[in-house]
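Only one chain is given next, in structure tokens, and it is the form predicted on its own.
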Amino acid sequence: MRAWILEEQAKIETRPLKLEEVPLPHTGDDQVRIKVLVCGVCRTDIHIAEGDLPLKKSPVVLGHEIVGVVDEVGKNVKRFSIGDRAGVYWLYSSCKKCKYCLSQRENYCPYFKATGWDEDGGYAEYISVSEDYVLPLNHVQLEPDEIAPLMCPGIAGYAAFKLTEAQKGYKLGLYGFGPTAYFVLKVAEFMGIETYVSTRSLKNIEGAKREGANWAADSSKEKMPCKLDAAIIFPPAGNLVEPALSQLEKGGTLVMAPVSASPIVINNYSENLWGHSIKSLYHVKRDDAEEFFNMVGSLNLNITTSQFPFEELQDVLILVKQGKTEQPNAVIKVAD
């Protein structure tokens, strides 16, 4: 089969991936093999390719927003049949035995394996994964290219939202408005939570308003109209932390969603941190994915994607890094 492999980390502009023929994966007793139809392009793939995140294996196939069709099943598989639509996301596997796994917190498992980082991912024609970590998609009434973004920004956004513990009637701040924040806004809208979006981009300000935000502007230039019960920061900008904390009601929670961030400095502990909580999104777990996909049919989603041929992956990674794709979600079409 064909797969894009990364052997050595380098700036994405140098085109460090190679399209090669590699052995077709087969299934273990508890695994399903999925013929990949599409795979979404995520900035985390770029972080891995460029060295912002350490290289866990080499060569490695990146990609963790996978939608496809089951074409082979192991002898012990019970949840899937050949021909089923299925999805694979960031969580590839965990040990199932540690204190975290036994308490449904496998995102903290010391043996957590990430798709497209610890194990080969979806920039390939096929992938084999344990059925326990594959999402059934037969019930999802969306096209494969529309489902792909749900696999990372959708699930990760929902996981970050859960960490805020926001409830109906709360006021939730979103700092940054990319694909992940979009899905949080839609979940909050469904749950009766007001959303206040701060972003520097005029395009994103208009987009947030159009999608139902109660307020959207650049909060460094225009003051938010109210205090917030909770907030989520999406950009890797540590300098946003203290301003966001200062906007919270006492008892409020700030969630950090990025996988990395610039240095965080809090100058006024008494005013801005005391009485507030800071949490960070650390991987995702099966509950996050399953709960989100059970909710998807009830959300007022308007998912737009820029689709590209499999062979153009490296060009697309460059476009995504530069923010030059027409739509916020870029998707690679691997097969029909």
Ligand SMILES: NC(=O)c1ccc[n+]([C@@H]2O[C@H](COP(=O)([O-])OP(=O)(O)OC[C@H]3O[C@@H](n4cnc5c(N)ncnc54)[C@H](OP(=O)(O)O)[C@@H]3O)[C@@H](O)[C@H]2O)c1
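The first residue of the sequence shown is number 1, and the count goes up from there. In this text, all values refer to a predicted model and were calculated from it rather than measured experimentally.
Although it is not shown, the form predicted together with the ligand is what the next lines describe.
- Across the proposed site, Ala156, Thr180 and Ala237 without exception bring a heavy atom within 4.5 Å of the ligand in the model of the complex.
- Of the residues Gly252, Gly87, Gly176, Pro144, just one reaches the ligand in the model of the complex with a heavy atom at 4.5 Å or closer; this is Gly176.
- Contact with the ligand in the model of the complex, judged by any heavy atom within 4.5 Å, is made by just one of Ser94, Thr199, Thr164, Gln247: Thr199.
- Contact check for Leu37: no non-hydrogen atom falls within 4.5 Å of the ligand in the model of the complex.
- Among heavy atoms of Cys152, some come within 4.5 Å of the ligand in the model of the complex.
- Remark: Val259 counts among the residues lining the ligand in the model of the complex, judged by a heavy atom distance of 4.5 Å or less.
- Although the partner is absent here, Ser219 is not a contact residue: none of its heavy atoms lies within 4.5 angstroms of the ligand in the model of the complex.
- Between 130-138, 113-121, 71-79, 201-209, the stretch whose residues reach within 4.5 angstroms of the ligand in the model of the complex through a non-hydrogen atom is 201-209.
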